[in-house]
Each structure stands twice: as C-alpha cells, then as structure tokens.
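A lone chain, given as structure tokens: the form predicted on its own.
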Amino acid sequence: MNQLLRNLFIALALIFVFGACEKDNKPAPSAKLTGRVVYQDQAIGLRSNGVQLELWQHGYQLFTKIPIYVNQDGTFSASLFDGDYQLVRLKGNGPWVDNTDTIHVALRGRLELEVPVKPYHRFANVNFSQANKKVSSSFTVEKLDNSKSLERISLYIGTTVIVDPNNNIAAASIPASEVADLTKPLQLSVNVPTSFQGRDYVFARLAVKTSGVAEMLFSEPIKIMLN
C-alpha cells in the first residue's frame, strides 16, 4: 500500500513538473501595439498612468480586458499576441467627451494607432518665465465642448519631467469664479520652495480641470532654469 501511494505521489509530481515546463515554454507576446491619444492630430497631455484604455479579444474561453495605461504625453504601448482586438475608451476616464464607440485593432506584428478624443478644454499660447525663484506662466484656455463647465486651472512645478497633482513641489490655482473671459490671456505664478531654490532647474506644467471630470488635461512639461 505504501509503495502504491509512493508511486502515485511520484506520478502526480511528474505531471506537475512537465505541466509547468510546458506552460513556461509557451512563446512570449511578440506583437507590439503603440499609439497616441489625440485631438486634431495633437497628442493629449495627461496625468502619468492616470488614464486607461481597454483591449478586448473575442474567441477565447475567458473574455477579459487587457488594460493599457496612457503616459503623460498621450502615448501608450503594449506587447500582445497577433490577433483581432477591440479597443475601448472608458466612460468618464479621461478629460474628454465620452465616446464609447469601439475601435477595431487588427494586430499583425506591429501597429501604430491614433485614438481620437474631444477634450472639454485645451491650452494655447503657453509661455513660462522665471525671476527671483518664482515661476510664472501666461496662456489662454479654449473651450471645446459646452456640455461641462470649467472648474479650475492649475500650475504645477516639480523636480522631474513627471509633473502632476501627485508629483510636484509647489502649485497654484485659479478657480473658475475668477476667470471672467476665456478668450483673454491668463496668468499663474508659484514660488519655488526655499528648500529647492538651490536647484539649477525645475519643470513646469499647466492643468485644466473640468467640473464633474476626474482627470485633468495638461500642457507639455517645460524645463525652467533657475540660475
């Protein structure tokens, strides 16, 4: 009886080992999907890894999503297997008007894809300057959709190119109640904190927040020399 149990244990162990080897020997994804989230051929500035796209693939027993996080410059990439996918822009997940239409993705080797969106607002005529350890900005904000109102405009500075509400050393904001006319230039300034004034540079970035929308739209981060 003991020999029988021993043989059974050995057989089960071999099944486990060879099964694991077979699983490990499966090829890794070799196809590459890259792209940008764009409006009028211009990439959208976002909070780093704050916005997510979803890929879905039919024809398999488990029908689950493949999340794709968008970088702060609006780009994204994913390593996948060749196949046909459906890309979805999640409702309420970005600083743009909801669009739940799916995008068919026929991936064979490598594919570059542009995902169009319509932001509620966007920046124009953005300029930054520095004097006496104070970073100042001038800009205009264009309203692209009237379904939601402006909530606030913010200026962030940080020590790295990743600059957003979670990654900054100082910030300043203008609430919508103080913006009388979006067609006119606006200004925002922020002091570099004393503990960072010995640095050679900081990065500055603007953000516009739309009421009822979690994510903000950002301008490009700009390197500002302090000395």
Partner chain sequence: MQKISKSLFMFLVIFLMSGCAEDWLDRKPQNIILEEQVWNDPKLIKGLLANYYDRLPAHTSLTSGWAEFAAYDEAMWSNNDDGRNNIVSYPFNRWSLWEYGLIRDINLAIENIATFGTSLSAVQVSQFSSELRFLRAFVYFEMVKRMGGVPLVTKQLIYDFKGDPTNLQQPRNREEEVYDFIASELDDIQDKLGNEDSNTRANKYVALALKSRAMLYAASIAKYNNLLAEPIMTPGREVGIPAARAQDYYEKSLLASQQLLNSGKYRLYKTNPNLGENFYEAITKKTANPEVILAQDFLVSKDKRHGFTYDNIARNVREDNLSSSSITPSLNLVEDYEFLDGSPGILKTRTADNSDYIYYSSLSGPFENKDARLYGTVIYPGTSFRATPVEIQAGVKVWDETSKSFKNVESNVLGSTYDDGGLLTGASGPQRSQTEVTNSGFYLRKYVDQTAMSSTRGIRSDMWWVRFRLGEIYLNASEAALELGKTSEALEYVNAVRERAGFGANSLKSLTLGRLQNERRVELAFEDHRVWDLMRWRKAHEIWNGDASNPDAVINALYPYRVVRPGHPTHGKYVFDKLRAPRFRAPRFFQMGNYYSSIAQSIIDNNPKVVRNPYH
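Treat the numbers as computed from the prediction; the structure is a model and nothing was measured. Positions refer to the first chain, counted from 1.
The form predicted together with the partner chain is left out here; the points below concern that form.
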Complete contact of K133, T160 and N227 with the partner chain in the predicted bound form (any heavy atom, 4.5 Å): no
Non-hydrogen atom contact P165 with the partner chain in the predicted bound form at 4.5 angstroms: yes
The partner chain contact at K148 in the predicted bound form, heavy atom, 4.5 Å: yes
Interface membership of H104, the partner chain in the predicted bound form, 4.5 Å heavy atom rule: no
is_contact(K65, the partner chain) in the predicted bound form, heavy atom dist at most 4.5 Å: yes
Answer range among 84-92, 109-117, 123-131, 137-145 for contact with the partner chain, defined in the predicted bound form as heavy atoms within 4.5 Å: 84-92
Sequence-ordered residues of 202-221 touching the partner chain in the predicted bound form, heavy atom within 4.5 Å: S211, G212, A214, E215
